[in-house]
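This document opens with one chain alone, in structure tokens, the form predicted alone.
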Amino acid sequence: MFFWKKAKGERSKAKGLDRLSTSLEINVKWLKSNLFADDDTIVYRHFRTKEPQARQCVLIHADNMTKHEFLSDYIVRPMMSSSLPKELQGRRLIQHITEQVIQSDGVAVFTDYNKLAEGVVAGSGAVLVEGCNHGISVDAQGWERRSVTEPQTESVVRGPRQGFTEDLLVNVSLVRRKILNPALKVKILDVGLQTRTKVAIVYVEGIASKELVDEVFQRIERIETDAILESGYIEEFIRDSPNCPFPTIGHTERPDGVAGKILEGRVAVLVDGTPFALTMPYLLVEAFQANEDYYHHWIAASFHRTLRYISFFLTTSTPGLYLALVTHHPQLIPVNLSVSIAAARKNVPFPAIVEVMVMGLVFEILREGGVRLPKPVGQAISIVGAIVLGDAAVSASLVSAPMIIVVGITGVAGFVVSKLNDTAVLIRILLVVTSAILGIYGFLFGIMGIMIQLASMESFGVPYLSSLTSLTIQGSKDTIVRLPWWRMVLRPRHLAAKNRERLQRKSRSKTK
């Protein structure tokens, strides 16, 4: 009984430890019984330094998180072949080891158990020496990494084929290769109480405003959550207008896209463990821009961008306009077309509102199924399913043929503006409901409500419609159309107010 009480008292006393002990045995027992208890992936490699003053040491690392060859060649072998001076103790001994024994540039010294544990689980090797209450952390990350490939969600016909990976430092290097300028700044934060996810804030000093950079820092530092597993977590915590479906933070997998945006004065946020980078501020006009717009001839790029605006209007407004005209204002339709629509809907037992809602829902189900299933199967199901269901529905007189045309136009036009596809679905439903109630007046009221909402929104202090509502020629050169590079002399006024010149003075004089 007395032994049990004594052991219990020792355990409670041990649990109060926070700093390393000079006893190597106590340090190892504490780690095995507390911080790394029941964890079979933690490796403890015991070894001794060279005689005559041999010292007991231990190397602690997480299996499959480190490079075993690196640990052996640059830590264990040099220390086993070195004789540590007897007169050195504590901090002086650790300094001697880091400066003259361990052959690595990524070395840090720690004194508490938490720092040791954080380094080990992050892929570093921790070295403890008998008689010393300091430890050494050596960078030795060696987990499997995905190679740099073309991003599947943003493939291009012309342009770079590189895309971000799940490794933060690789992603930072891809951005640095685009901007070889010491003004490119990268600051890394740890976010998430449990995951301690690395989050890098990237910007160009002198172009991005200090107020914007500070605002991004403050919003990320205020995040209090257990886990950050993807950049979408960060986006939802720091975005403006969280209850509005329109995005106020951009995301991309392309390093060239990130480089282009931060050169305009934006700030990028890279998150470890995901290939999607965030950019802010994000304006409505960016949803209609594509990377290829800046690699093709400016006339072709302007034509394609205009198509995206038209497609967005079609995907959001076609069902509502069709419903408003057929239900409330058939007199606005040409006579021949009105007769054709009436003949097609003669045997349909459901009102037009039911047709629109049901067919829209079926299309979204097919699209979602095509996305979630394996790629070859998903494409076959989405295409065959649309053809079979559409033909069967018309043959059975459940829906009219014009309704199939309306759904087809709506769906295909939505794919053109993929960045706003989910938002377009919600807008489409809103306009269908308002058109069903008030006809064309309801449709116009819905459009006005959406425009008022957009005009009241901001993204990190920048008006959401600032580019589209610019009254200056320079501010409108990269909106609905894209003018040549030699005409876009200045950066956007709301993003880089202090450093707006994009072209050098010599280049500007040649274009005049």
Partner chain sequence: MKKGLARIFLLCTMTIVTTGCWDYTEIELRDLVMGAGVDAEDPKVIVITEMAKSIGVGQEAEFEPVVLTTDARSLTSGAHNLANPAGMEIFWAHAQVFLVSEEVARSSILQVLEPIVRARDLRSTMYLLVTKDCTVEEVFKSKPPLVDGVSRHLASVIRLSDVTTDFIPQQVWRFIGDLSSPGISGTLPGVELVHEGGALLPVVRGAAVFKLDRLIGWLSKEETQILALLKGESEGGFFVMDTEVKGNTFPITYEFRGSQFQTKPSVDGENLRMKVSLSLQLGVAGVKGADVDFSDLAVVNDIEGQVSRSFTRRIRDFLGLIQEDYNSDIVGFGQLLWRQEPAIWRKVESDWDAVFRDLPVDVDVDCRISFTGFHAQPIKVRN
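Residue numbers count along the first chain shown, from 1. Note that this is a predicted model, so its numbers are computed, not measured.
Below, we refer to the form predicted in complex with its partner chain, which is not included among the displayed structures.
Stretch from 175-183, 406-414, 342-350, 132-140 whose residues place a heavy atom within 4.5 Å of its partner chain in the predicted complex
Stretch with heavy atoms near the partner: 342-350.
Taking its partner chain in the predicted complex as the reference, which of Leu307, Ile333, Ile299, Ala227 has a non-hydrogen atom within 4.5 Å?
Looking at the other structure, the residue within range turns out to be Ile333.
Heavy atom within 4.5 Å of its partner chain in the predicted complex - residue from Ser72, Thr327, Asn421, Ser82
Of Ser72, Thr327, Asn421, Ser82, the residue with a heavy atom within 4.5 Å of its partner chain in the predicted complex is Thr327.
Could you confirm whether Gln453 comes within 4.5 Å of its partner chain in the predicted complex, counting heavy atoms only?
Taking the distances in the predicted complex, the answer for Gln453 is yes, it comes within 4.5 Å of its partner chain.
Contact label in the predicted complex: Leu128 to its partner chain, heavy atom within 4.5 Å
It does not: once its partner chain is placed as it appears in the predicted complex, Leu128 has no heavy atom within 4.5 Å of it.
Ser338 versus its partner chain, in the predicted complex: is there a non-hydrogen atom within 4.5 Å?
Ser338: contacts its partner chain in the predicted complex.
Looking in the predicted complex, any heavy atom of Ala259 within 4.5 Å of its partner chain?
Although its partner chain is absent here, Ala259 would stay clear of it in the predicted complex, with no heavy atoms inside 4.5 Å.
Using the arrangement in the predicted complex, list in sequence order the residues of 212-247 with any heavy atom within 4.5 angstroms of its partner chain.
The one in contact is Asn243.
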